[in-house]
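First, one chain by itself in structure tokens, the form predicted on its own.
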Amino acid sequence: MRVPVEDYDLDATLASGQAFGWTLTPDGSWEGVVGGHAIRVRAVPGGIEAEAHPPPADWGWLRHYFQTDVRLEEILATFPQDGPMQASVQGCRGLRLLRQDPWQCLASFILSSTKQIVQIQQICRLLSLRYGEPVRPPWATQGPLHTFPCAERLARCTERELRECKMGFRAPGLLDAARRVALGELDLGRLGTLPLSEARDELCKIRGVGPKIANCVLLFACGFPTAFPVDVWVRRAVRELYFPRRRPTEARLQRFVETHFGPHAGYAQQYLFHHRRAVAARNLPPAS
């Protein structure tokens, strides 16, 4: 299947810290599992080329996941016209937001606390290997891929079993989330129908989930364009880029991010985050 789309940087999108289930292969393709299908995708002129196993009857779910129908130019036009924001746009042109499964997104970001992207990927991979379902695409050379385990499966685990997947102190939070979803106490499908503040409050009832994790889920999985996750990287970037001569209070910083970046503030945040991380990586001293 070839999905036509312009102005789409697939590599930046899948490596930008919004999803953790993708692996870059030596031939430049990306492998992952979406909606129970093993997927291999790669950028081609004018779009994205995809293989899926089992073969789907309809590809609408893949276009929805990659958000290929979104008009990026219209979103970028809503960003503030200041220097830092426009530098991020120029440095990350084609970066997109995915629309992920809410449960996998929630679980992944619970596991992300104080971890770097490669470590989050390792934990998610262990969790899927142990508790997910195998999918064996014909192109797999390193054994089957695995689905991300559903909430009902993880709800039957003990905290000790989850800790064996190297998630440490994050295990109680993941277990609490899984049990709330499995028991119907948290309806992830309903979140998108609520006002942003109410949806965030619902997620923050989960052990270990604060505004940052909640906003990630609401932005990357539930379609809230103004949800603005603020982590260490984003907080540092906003302070250095927009308040270089003074140190704003946390309340002032929060008011700024809620008002400055417009109706697609979450998209703007992702550009700032990815650009800042890329700049920092280029400035690192060479490994000895």
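The first residue of the shown sequence is 1; numbering continues from there. None of the values given here were measured: they were computed from a predicted structure.
The protein also exists as the form predicted together with the DNA; that form is not presented, and the subsequent description refers to it.
Participant: Is the gap between H146 and the DNA in the model of the complex 4.5 Å or less for some heavy atom pair?
Facilitator: H146: no, not in contact with the DNA in the model of the complex.
Participant: Taking the shortest heavy atom distance, is F220 within 4.5 Å of the DNA in the model of the complex?
Facilitator: Yes, contact at 4.5 Å.
Participant: Taking the DNA as it sits in the model of the complex, is E31 near enough to touch it, meaning that at least one heavy atom pair lies within 4.5 angstroms?
Facilitator: No, E31 is distant from the partner.
Participant: Considering only heavy atoms, tell me if R130 and the DNA come within 4.5 Å of each other in the model of the complex.
Facilitator: Taking the distances in the model of the complex, the answer for R130 is no, it never comes within 4.5 Å of the DNA.
Participant: If contact means a heavy atom within 4.5 Å, which one of 167-175, 187-195, 74-82, 136-144 is the stretch that engages the DNA in the model of the complex?
Facilitator: Selected stretch: 167-175.
Participant: Of the residues L62, V257, V234, I48, which one places a heavy atom within 4.5 Å of the DNA in the model of the complex?
Facilitator: The option sitting close enough to the partner is V234.
Participant: Relative to the DNA in the model of the complex, which residues of 142-163 have a heavy atom no more than 4.5 Å away?
Facilitator: Only R163 sits within 4.5 Å of the partner.
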